[in-house]
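Coming up is one lone chain in structure tokens, specifically the form predicted on its own.
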Amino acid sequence: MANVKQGKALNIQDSRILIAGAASLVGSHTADLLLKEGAREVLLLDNFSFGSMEAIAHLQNDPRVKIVRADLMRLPELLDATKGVDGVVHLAAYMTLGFSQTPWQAVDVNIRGAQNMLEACRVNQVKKFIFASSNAVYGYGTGIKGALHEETPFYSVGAPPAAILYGASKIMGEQLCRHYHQSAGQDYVVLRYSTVYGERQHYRAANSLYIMETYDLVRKGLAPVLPGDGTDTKHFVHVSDVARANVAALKSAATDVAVNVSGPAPITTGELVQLVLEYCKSSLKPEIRPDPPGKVRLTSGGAFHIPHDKAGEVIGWKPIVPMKEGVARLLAWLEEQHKKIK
């Protein structure tokens, strides 16, 4: 913990926690864990433009849960929502696919929206702010190799514009946190998520969606598709581990720091497809088929991994769900959703 600033640590059982972008994969699992740990009240803030009420339907009857319809672009709504709140977990953001489709809206929400929430926290003296960042702050493209430590600079040569815009928006969000810490004493922790996957998976994350796309093909008896030769590296983290990181950051006294939140180990696209095939007990062979022009899927072009040692030192967190178990849990959940539809 050397050289890490110390600020306010929250006792979850005494706290009112607001989750911005709560009707989501990470938001719903974070709410689950906060309630399990005895939070006094959990406020689920969302404008439901992307979030699904279905993701938080199981929480609605808990007397400690309050659903707040509010928009990041409307500061007065955030000022009202954060009154008396002890901690904020800021998840609400456009992802890479959103930057490809509506970049002007995505820039507004990811940057001005984060600033509005930080301003509301300043006015209402919120004790702790957790900002969901991304390994996208390290960039994309063939230059991404080796260990992506927290000091790794942004690299963007040859990457798709949407990916670069998304990564840059997260860099801006992190710097807004630093600004509010320096100018107003706002305690914060930045968590740089690697690709999040798991039960209640949505359809806006290009790399996580690939797991479900592969599963759907195999279940139809069709060969899974590899967009390259199968050696592209991905680093996933299961949503339950991400929820644990969010809660650990709230409980930690650390402030003014950014840490990686990644899974136990990276995986190649080829290995990922094999996990899906094994789950489905299929002998199908993958077919190499490059993505069509305009398809947004992020590839590394080289082997990399995202160390999470600093998160262990700073907030006492490490991942516990291996990729094989996590994929099985996601696909079992997906099978249940298919049964409900039938």
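Quick caveat, the model's predicted, so the values are computed rather than measured. When you see a residue number, it is the position in the sequence shown, counting from 1.
Keep in mind the form predicted in complex with a small molecule is missing from the figure; the text below concerns it.
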Residue 71 within 4.5 Å of the small molecule in the model of the complex, heavy atoms: yes
is_contact(residue 208, the small molecule) in the model of the complex, heavy atom dist at most 4.5 Å: yes
Residue 50: touches the small molecule in the model of the complex, heavy atom cutoff 4.5 angstroms: yes
Touches the small molecule in the model of the complex: residue 140 (any heavy atom, 4.5 Å): no
Option touching the small molecule, based on a heavy atom within 4.5 Å in the model of the complex, out of 100, 255, 195, 156: 195
The unique member of 26, 42, 273, 315 whose heavy atoms fall within 4.5 Å of the small molecule in the model of the complex: 26
Candidate stretches 265 to 273, 178 to 186, 165 to 173, 226 to 234, one within 4.5 Å of the small molecule in the model of the complex by heavy atom: 165 to 173
Triple contact flag 15, 87 and 130 to the small molecule in the model of the complex, non-hydrogen atom at 4.5 angstroms: no
